[in-house]
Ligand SMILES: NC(=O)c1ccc[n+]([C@@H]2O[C@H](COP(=O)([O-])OP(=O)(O)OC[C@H]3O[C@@H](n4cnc5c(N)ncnc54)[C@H](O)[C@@H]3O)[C@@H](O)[C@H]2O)c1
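This document opens with one chain alone, in structure tokens, the form predicted alone.
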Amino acid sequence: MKLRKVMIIGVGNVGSTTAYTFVNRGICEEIALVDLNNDLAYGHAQDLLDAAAYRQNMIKVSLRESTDCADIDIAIITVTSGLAQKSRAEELAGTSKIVASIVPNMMKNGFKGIFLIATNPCDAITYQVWKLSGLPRHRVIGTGVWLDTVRLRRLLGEQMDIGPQSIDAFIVGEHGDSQFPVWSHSSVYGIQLNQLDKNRIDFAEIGTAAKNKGFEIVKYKHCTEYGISSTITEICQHIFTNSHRALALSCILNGEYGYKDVAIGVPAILDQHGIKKIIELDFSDNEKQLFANSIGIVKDYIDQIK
């Protein structure tokens, strides 16, 4: 059996919690930690190995340089600029420089896997990694709006007293302020959400709450890690299991929805090679305008990197 290996680049709150989530779910055989702070990485590795000792399967936690990557299946980028998060876009200048110092050297040293980007602003950095790596677009994926989508489903479920996994509602667009729920395609077992609860739920308010939930969490605990770590782990699990599950991810468009040369959150099917297929939705006229606006904002971020 081929051992499944992931590399986590940046082991701050998100990176270390992601590693712990991997250990608990047991979805890979090696977790390689990369961080400029060697002492921090070593400490996390030893702590994770204690947790891994409770698993029935063998899990190796190693310390590596990012260039030691030729055997890695999925490289997860969770680096941050270290700036206080007032908006995701504020991190662009710092994180894009860090990414530019990492990705080309990984490619020179034989990286042949899939990049998964959780660094903000996610869509612009996903595009940057794609351009720097030269990889086919299906092997460069951003966490995009999947966590936002899960938050939307959670909030709807709380209002409607329905389990969130039974709700087929999702968000598309930028992982940022211009994202929006696709209400025209939202349902529970084929019944439109507004038919189920049209009198009790303010759908616009729910959409805004889902979009702002990350900032609400930061307000109270000064960071987020559990939700995004679960997002990263789920994406990797679907890749490793060749699940063909559809998630709302940051994908490189090449004509889908009438756009190309941009990364943005859209529904996409995952398989063992990364993005198998981007699902093109028939947006309403209003949704088309919202999507165009979101595309424009992401392209502005991309232009700042070029």
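One rule holds for the numbers: they count along the sequence shown, beginning at 1. As the structure is a prediction and not an experimental result, all values here were calculated from the model.
The same protein also exists as the form predicted in complex with the ligand; that form is not shown, yet it is the one meant from here on.
At least one heavy atom of D35 is located within 4.5 Å of the ligand in the model of the complex. Contact check for G12: a heavy atom falls within 4.5 Å of the ligand in the model of the complex. Proximity of E91 to the ligand in the model of the complex: non-hydrogen atoms within 4.5 Å are present. Interface membership of V182, defined by any non-hydrogen atom within 4.5 Å of the ligand in the model of the complex, is ruled out.
Here the chain stands alone, but in the model of the complex its contact with the ligand, taken as any heavy atom within 4.5 Å, falls in 117-125 among 155-163, 132-140, 117-125, 203-211. Of the residues given (I167, I102, I74, V150), I102 alone sits with a heavy atom within 4.5 Å of the ligand in the model of the complex. Interface residue among T80, S178, T233, S96 relative to the ligand in the model of the complex, by the heavy atom within 4.5 Å criterion: T80.
Within 4.5 Å of the ligand in the model of the complex, a heavy atom is found for none of Q192, V266 and I279.
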